[in-house]
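Just the one chain here, the form predicted alone, laid out as structure tokens.
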Amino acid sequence: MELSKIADNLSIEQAQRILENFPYSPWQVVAATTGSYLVYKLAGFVKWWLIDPQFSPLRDAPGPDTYDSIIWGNMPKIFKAPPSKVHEEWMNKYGHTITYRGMFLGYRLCTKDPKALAHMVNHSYDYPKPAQIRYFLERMFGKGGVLFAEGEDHRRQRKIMNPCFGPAQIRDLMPIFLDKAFQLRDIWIRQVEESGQEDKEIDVMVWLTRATLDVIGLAGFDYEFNTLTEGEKNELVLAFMELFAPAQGPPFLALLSNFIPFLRMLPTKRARASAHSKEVMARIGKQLVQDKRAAVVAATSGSGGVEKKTVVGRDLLSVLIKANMARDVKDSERMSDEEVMGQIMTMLIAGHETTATSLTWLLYDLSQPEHKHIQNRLREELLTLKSDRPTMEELNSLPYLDAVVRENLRINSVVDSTIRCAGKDDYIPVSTPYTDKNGVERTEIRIAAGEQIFIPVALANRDKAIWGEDADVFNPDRWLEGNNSHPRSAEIPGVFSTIMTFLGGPRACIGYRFALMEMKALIFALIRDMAYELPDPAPKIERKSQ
């Protein structure tokens, strides 16, 4: 007899008698059910942790045979070293393609082979960010930003955002870049003059961060931070700094919480500070979006609405909101308010700190005694421009400036690496065969769905097999020789200049043109009228990442 018919024929009195005679209490039933579920989850976790790696297709790839911890794998050694240093040592020993153990002993692939990199970045929707990285991005930016989005959501957001970062829009932002560049130059000149000496020691990282923060405030969403004149006093700036304050030591608890969700609920000091910062940023961001939308509606009232072809504006948020409101955009393609808010957070972090750090490294390199001739040569070329406020085209016409920027982005890539995972079982081709642990020569890498990949941006940019024996030397002249001195660089799948700094493929940095022109404007103002050298004694500078 069917169960439904039994239930229909069962009287309330009969059901009550069955329950009264049931040998277990409700609490025992709950405990047994909960216990069974926990045992099931624990068994799955142990299988994933200790058994699945034994069957990974990556287990025979070259790489270290030992690891430091049954929980952390090889990660403690990586955390203690400068960025990518351990990976570089392993690749020098084992070759261009290696594997090592990540968290909970999962195999992690690392390759700098150009063909393999091209396969992954050009099929980026098959190689998304791992769930753990997406959780981190969600904590920082919310679920709406283009950094968080994957698949169709990412494709849709990029389609709406592309007009914000085209050449025409960047050209309109040049006055902002130059205004802040000259403001910073004048501050430094005034500090030298007030010192009463011919030179003055300046912490350029602090000031460049303030300048680029002011730039992204105005260029990004027409918001004046005024950090160059007032310092870090703005409420949004303080919230931002609190959210991205450097961690003291390796963030082991944060890493564990990526794998063990209940740890995310612990009320740590860091969690409380992050929650407060996100509340402030969300409140101000929401007001910015509302104000911009109201301004767009007011400006287009009586004109029949907004269309994509009429999308113009100075700040990126205005352009984004106009593009999102355009009547020739399908409702299914529009961004939600949460997604628009996510772009504000993304522009804030990606639009200033990376540029400031990159320019800091450039000034550091140009200040080296052996690079004094590069600084002088660059200054001589900048002085050939007759205008004090050059256009985008005029700055782009300077070959040595362009070579210096390219070389700085190559050798000082701020984003040292990125993490992806295989969205499906796949075979990754390589341009140079490698030999696995069994002595078999391989022309492709077999990877299973879910396994992680460490993409070594900095190591690809400084690979001697690509760039020659002087790959670790700051040498702008290599870019004036075309590809003659580094023909294999054409194999690198970068969106800009055959380097991996801005990545490539569908997930390449959407704001790379913005970053390039902001850098060139700052270099023009800061190098043309001032000279730089290291203090005596020179400080010890180390590369570190968070």
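Start at 1 with the first residue shown and count on from there. Fair warning: this is a prediction, and the values are worked out from it, not measured in the lab.
There is another form of this protein, the form predicted in complex with a small molecule, and it is not shown here; the text below is about that form.
The closest non-hydrogen atom of residue 517 lies beyond 4.5 Å of the small molecule in the predicted bound form. Residue contact with the small molecule in the predicted bound form: residue 511 places a heavy atom within 4.5 Å of it. Although the partner is absent here, residue 507 lies within 4.5 Å of the small molecule in the predicted bound form, judged by heavy atoms.
Using a 4.5 angstroms limit between non-hydrogen atoms, residue 163 is distant from the small molecule in the predicted bound form. Between the small molecule and the residues 129, 292, 115, 96, the one pair within 4.5 Å by heavy atoms in the predicted bound form involves 129. For the residues 281, 366, 110, 147, the 4.5 Å heavy atom test against the small molecule in the predicted bound form is passed only by 147. For the three residues 154, 216 and 355, a heavy atom within 4.5 Å of the small molecule turns up in the predicted bound form in every case.
Remark: of stretches 96 to 104, 236 to 244, 203 to 211, 347 to 355, the one touching the small molecule in the predicted bound form is 347 to 355 (heavy atom within 4.5 Å).
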